[in-house]
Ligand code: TMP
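Presented as structure tokens, the chain that follows is alone, the form predicted alone.
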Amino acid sequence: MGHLRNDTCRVCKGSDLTRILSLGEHPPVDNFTDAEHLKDEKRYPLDVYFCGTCNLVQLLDVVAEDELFHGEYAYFSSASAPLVEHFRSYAEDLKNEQLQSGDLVIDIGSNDGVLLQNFVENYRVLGIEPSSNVAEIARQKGIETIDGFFTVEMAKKIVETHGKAKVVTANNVFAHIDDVDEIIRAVQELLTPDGVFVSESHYLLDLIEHREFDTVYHEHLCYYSVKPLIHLFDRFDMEVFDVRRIDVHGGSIRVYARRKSNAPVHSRVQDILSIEEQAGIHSLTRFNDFQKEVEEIRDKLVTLVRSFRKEGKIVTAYGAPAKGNTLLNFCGFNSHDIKYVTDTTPYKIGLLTPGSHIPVESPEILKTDTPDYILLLAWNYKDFILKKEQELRDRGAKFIIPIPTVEIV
């Protein structure tokens, strides 16, 4: 199946679409590979478009789900300490504001149960996770998890076996879905009449203001702001009644939606819409310079890394998150530029990064090895990592921070 290309907007179905960023051709970011399979690697266009009608920023090229999430998916949320803490406090908010003891909480794209594990005691929980190896880890924690892609049909079956849910969450998955209409129809099947759908997605405003071009990859089909989401829910007779900006993943928004009602809408919704309007992300002109800003970061990084290599310095990279692969490929880096990348995810260790084919090593290597420069691909955890690696820095390793501007610390 490979890849197909949309010619209308995912949210409003309009066709007034303008390309605002082109990053070239990339392999799927989570398809780590080995020497034997290099020849099988496929690349797809990574181009971002703006919808003139509802202002959704999106990819039109859709890579088949089975190419993106094949059986052994490499991302485990619980491997990241800051993320575990984020989901703990998120769960507290839901308990205090939306839930009563015994309510059913369903998480779409529940990964290894990182959010739901916080509800096991006083609530009923159900996870939905398409990657079977990840779903299995959640079950080992005692979290009932269905493996499969979320559809209306699945939602109907869940209601028969579990009843309706007071809260349905979708965290960093809502933006990954091509057919958002199907998801919202399925959520409507699941929710109690007063139920709440809560989604967290990377926030377009942060992406643009901090030049976070590396968070663009084939899994991320939509780069949401509040305005197109209001448009989307409105089509289904639902309303956005609260929005919060969240620090996680380089800047996210948490959006609360419910069936239309007479209950008040939180003032934060209008506040954030006004911020978006002032920042210009509801019009095309704001995006005119984005390509140039992104290419400046690339050119600076390439010049730096290649000049260090010429001097005989060793450069490695830290963290192999999905977005790191967009950055490595857009820069055209390979194992001559970057000797290895370290990552804590057991599945990735011993493999090669997609496209750039840099070996992934266990962080253990840094106990004895001191690279001259380390490109921080997991820059969204910069403060946490710089503190954690103080000893390595004392030995003389310097970190290159790529985003929002290239700096060496």
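These figures come from a predicted structure and were not determined experimentally. Each residue number is its position in the shown sequence, starting from 1.
Here the subject shifts to the form predicted in complex with this ligand, a form of this protein not shown in this document.
This ligand in the predicted bound form is not approached by Pro130, whose heavy atoms all lie more than 4.5 angstroms from it.
Proximity of Cys54 to this ligand in the predicted bound form: non-hydrogen atoms within 4.5 Å are absent; the residue sits far from the partner. Mapping the unseen interface onto this chain, Lys227 falls outside it, with no heavy atom inside 4.5 Å of this ligand in the predicted bound form. Contact annotation: His249 falls within 4.5 Å of this ligand in the predicted bound form, judged by heavy atom distances. The contact residue chosen from Asn118, Ser80, Thr316, Ser199 relative to this ligand in the predicted bound form is Ser80, the criterion being a non-hydrogen atom within 4.5 angstroms.
Interface residue among Ser356, Gln58, Asn31, Thr342, judged by heavy atoms within 4.5 Å of this ligand in the predicted bound form: Thr342. Proximity to this ligand in the predicted bound form holds for none of Gly109, Phe150 and Lys156, with the criterion being a heavy atom within 4.5 Å.
Of the candidate stretches 158-166, 178-186, 274-282, 317-325, only 317-325 has residues with heavy atoms within 4.5 Å of this ligand in the predicted bound form. In the predicted bound form, this ligand lies within 4.5 angstroms of at least one heavy atom of each of the following residues of 357-396: Ala378, Asn380, Tyr381, Phe384, Ile385, Lys388, in sequence order.
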